[in-house]
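What follows is one chain in structure tokens, specifically the form predicted on its own.
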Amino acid sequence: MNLNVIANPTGNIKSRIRKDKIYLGIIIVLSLITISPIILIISKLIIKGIRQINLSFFTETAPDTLEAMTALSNNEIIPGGILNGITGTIFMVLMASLMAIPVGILIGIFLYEKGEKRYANIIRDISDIMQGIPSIVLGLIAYLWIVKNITNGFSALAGSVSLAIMMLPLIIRSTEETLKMIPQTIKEAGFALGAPYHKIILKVLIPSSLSGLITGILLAISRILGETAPLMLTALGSPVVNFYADKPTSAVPLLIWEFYNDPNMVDLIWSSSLFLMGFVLTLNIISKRIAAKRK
């Protein structure tokens, strides 16, 4: 036993407090270094992009090069907006959700119920592999399936299929993990009351895990909102608002790529990126709140 510590307990306490403050300071400094790139990115987007944010930005389609050049020469904001991109993004995400959500939830329920079966393990492995596939590869698959053989051209349907494939792994795994958190006694109580198997799933399991399912769906949607590569091979883009599934359709990421290739549209790059970041951030905040409420 250290007799100096016993003889001078006050000095030992002061030493511990000093070390605690030093470690706390190190943690704060490292945390600030970690989040500083995010702060710089967000501040840069706000400073550069806020100038173009106005009513016409949400209600008008993207301008052409001549309109942008004229506005810049007169030191004015670029006319027009990204309405065709906003409507196209919402349209394709809705179609992708209609395809991916029911299939993903059903597969997730299957993995939960038959978790130890051979086929369940194979499906789980395939789902994990799909999460690591580059999005451009999924766009190429949708191009070969839909563009070449069904719509015979670029279309919103092809873009939605590529996005739906990207959504599936997240929805599948979130559904399975959410169902695992439900106490087994709830399911057993349903069987004890004589409820059929399908009603236990529809009336007990799904309602009990609804908040978790919604969280997984919102995270999957957040992931696909910023995808550009698969849409370049499938939806291609459109200068007008389009709600036909078999026609080319624009999206906000596609517009950002188009603006990037035109030096006169630089200001619209920042504004479009700011809008997309705000949209994704809102969905993530909603999913976090739902998850917190579930807990």
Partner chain sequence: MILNNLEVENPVLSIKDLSVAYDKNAKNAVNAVSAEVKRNAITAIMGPSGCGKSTLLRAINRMHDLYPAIVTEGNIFLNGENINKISTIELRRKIGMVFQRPNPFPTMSIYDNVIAGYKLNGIRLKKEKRDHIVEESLKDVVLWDEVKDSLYKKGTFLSGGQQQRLCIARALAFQPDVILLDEPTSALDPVATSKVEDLLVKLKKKYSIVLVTHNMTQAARISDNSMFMYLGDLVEYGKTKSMFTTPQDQRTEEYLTGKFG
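Residue numbers count along the first chain shown, from 1. Only a predicted model underlies this, so the values are computations on that prediction, with no experimental measurement involved.
Just so it is clear, the following notes concern the form predicted together with the partner chain, a form of the same protein that is not shown.
For the options Ala71, Ile214, Leu98, Ile186, the one in contact with the partner chain in the model of the complex, meaning a heavy atom within 4.5 Å, is Ile186. Although the partner is absent here, Leu218 is not a contact residue: none of its heavy atoms lies within 4.5 angstroms of the partner chain in the model of the complex. Among residues of the shown chain, Lys180 is not one whose heavy atoms approach the partner chain to within 4.5 Å in the model of the complex. Proximity of Val204 to the partner chain in the model of the complex: non-hydrogen atoms within 4.5 Å are present. For the chain shown alone, Pro169 is not a contact residue for the partner chain in the model of the complex, no non-hydrogen atom being within 4.5 angstroms. None of 170-178, 155-163, 89-97, 186-194 except one has non-hydrogen atoms within 4.5 angstroms of the partner chain in the model of the complex; the exception is 186-194.
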